[in-house]
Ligand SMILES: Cc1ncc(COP(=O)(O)O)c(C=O)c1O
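The chain below stands alone and is given as structure tokens, in the form predicted on its own.
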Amino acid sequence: MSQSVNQKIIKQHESSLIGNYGKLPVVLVRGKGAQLWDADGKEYMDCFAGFGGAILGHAHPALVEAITRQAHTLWQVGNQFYTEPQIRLAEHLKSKAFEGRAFFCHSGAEAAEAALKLARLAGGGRTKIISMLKGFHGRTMGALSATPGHAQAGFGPLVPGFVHVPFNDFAALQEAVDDETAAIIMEPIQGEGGINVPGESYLPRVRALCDQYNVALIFDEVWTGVGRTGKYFGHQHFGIKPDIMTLGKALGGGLPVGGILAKPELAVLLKPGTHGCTLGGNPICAAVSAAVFDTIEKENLLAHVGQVGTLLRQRLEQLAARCGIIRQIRGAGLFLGVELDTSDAMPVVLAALEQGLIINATQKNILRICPSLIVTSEQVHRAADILEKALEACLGTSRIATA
């Protein structure tokens, strides 16, 4: 039997690249909006958006225009010079989050490194960093030290001074804070940990605790930033502001962009020579990132996320009411987790892929459904229908009641 185009390309990949990623058996070659096509011409509904990076979907005309215009204007000059796209992007962050100063890099992990270094500078000799169990901040050594769990296996000794407490457990956090504590780092809603949403009072109490002990509060908004939850940034659901915010994934609209926004009194501590990034804030990447915010405003996408996010959740809840394997649905906006009553959600992911739907599994038994902000109501219905078929394929129709 002859090999498909997908199979031929996968074979080439395996002989050329390091196998450090768990792969799905598909070669994606084209995308438009919330749709993708593989090398054999099969179409997929994209409900994971490249780990959230393709926040405006694929080949959005505004981003194509921004990258084309900037590529014909100024490519790369280095951060010893001022460039206008960086300023436009930073002003978006200031106006939509809080009065701060921005630093740009390539990824969320690098943003975490910058934030942790800044927090220790601000600590005046205090070095202890508190992070959350089931939190995720990246795989570089500092970010990894703040990311407890299996990701750390084999990489010790890690950076000293990190302590981990349960998420959404204020008493445990309060007990861990002491005179050596420089910062607390956490996601407003945990992503890799399973789309875990804190109680309504938890983050405001954390903010008050940090103020009491003069501890820097770092919110990792790599997953929850740039409109995914229905607000520009996840912390805005809780009516508070961090001292430092980290960003990545969606910030570049699919290009490799990360960054931090820090309150001015902290930002001033990063003087020349203390931190840097050769290609951080590259004019092309910064121009596209600024266009992401321009487009969210122009197309009123925050309101749209509220509408289609509510629809998606309703469809999932209807399925849960008829399907004995769904334990819980949680999240905000287009950042939803479906916890399954099974030890392994990957068969559902693979069945969905076979049916033409791209979703993800995390924490072994949780499906992550995170489409781009431009997903339509019709596409939400289509995705829910395909997910139901995938569950039927894995569980049998006897586990799913007739509507």
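Numbers for residues come from their place in the sequence shown, where the first is 1. Predicted, not measured: the structure shown is a model, and the values here were computed from it.
Another form exists, predicted in complex with this ligand; not displayed. Remarks below refer to it.
A.B. asks: By the heavy atom within 4.5 Å rule, which residue out of 309, 138, 280, 254 makes contact with this ligand in the predicted complex?
C.D. replies: The residue from 309, 138, 280, 254 that makes the contact is 138.
A.B. asks: Looking at 107, 145, 86, 229 here, can you tell me which has any non-hydrogen atom within 4.5 angstroms of this ligand in the predicted complex?
C.D. replies: Exactly one residue meets the criterion: 107.
A.B. asks: May I ask whether 187, 192 and 249 each come within 4.5 Å of this ligand in the predicted complex, counting any non-hydrogen atom?
C.D. replies: Looking in the predicted complex, the three residues 187, 192 and 249 all sit within 4.5 Å of this ligand (heavy atoms).
A.B. asks: With a cut-off of 4.5 Å between heavy atoms, is residue 233 one of the residues that contacts this ligand in the predicted complex?
C.D. replies: So residue 233 does not count as contacting this ligand.
A.B. asks: Test of understanding: in the predicted complex, would residue 223 fall inside 4.5 Å of this ligand by heavy atoms?
C.D. replies: Judged by the heavy-atom cut-off of 4.5 Å, residue 223 is in contact with this ligand in the predicted complex.
A.B. asks: Just one of 208-216, 87-95, 262-270, 129-137 has residues with a heavy atom within 4.5 Å of this ligand in the predicted complex, so point it out.
C.D. replies: It is 129-137 that comes within 4.5 Å of the partner.
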